[in-house]
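A single chain, nothing else alongside it, follows as structure tokens in the form predicted alone.
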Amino acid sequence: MASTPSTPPPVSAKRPEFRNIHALSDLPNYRLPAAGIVSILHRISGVLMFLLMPFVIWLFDVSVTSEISFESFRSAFLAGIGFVPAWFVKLVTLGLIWGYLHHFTAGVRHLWMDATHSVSKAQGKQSAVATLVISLALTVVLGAKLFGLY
């Protein structure tokens, strides 16, 4: 039997190899997709809610103990707490509102994706943008109420 010479496989262009990420030069130019932003914010909002849990427990305790304690609860938002001004209490509360709303809407997004088994790049981007818009819009509405705009 005679063997035929085989042709070598085509040579493809060598792909660039990235071994080190330089935080100062590479990260500012990196564009994270919307789904990645939602994922990171989901984690940040979870940590925020966990760290502010003592504040939430204090708010709940003071608001339901008695009528007098409810008035001190209201005065925290009008006059502040000790040396902490009222605007800062409202700002922390607004951060907590955003954290809860974002965590909730991102959680519903994940449940929906798990239940429908629809995970495509386009659908992931659309649901991530919807999550950001919904959570920010609800935060603006509740923040306007918190700061007394209506």
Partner chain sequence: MAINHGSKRLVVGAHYGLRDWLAQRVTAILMALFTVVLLLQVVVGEPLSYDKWAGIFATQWMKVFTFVVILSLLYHAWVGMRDVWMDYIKPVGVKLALQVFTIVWLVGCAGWAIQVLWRL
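Positions refer to the first chain, counted from 1. Keep in mind the model is a prediction, meaning the values are calculated, not measured.
Another form exists, predicted in complex with its partner chain; not displayed. Remarks below refer to it.
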Exactly one listed stretch (29 to 37, 79 to 87, 119 to 127, 48 to 56) reaches within 4.5 angstroms of its partner chain in the predicted complex by non-hydrogen atoms, and it is 48 to 56
Any chance Y100 has a heavy atom within 4.5 Å of its partner chain in the predicted complex?
yes
Within 95 to 116, the residues having any heavy atom within 4.5 Å of its partner chain in the predicted complex are Y100, H103, F104, H110, L111, D114
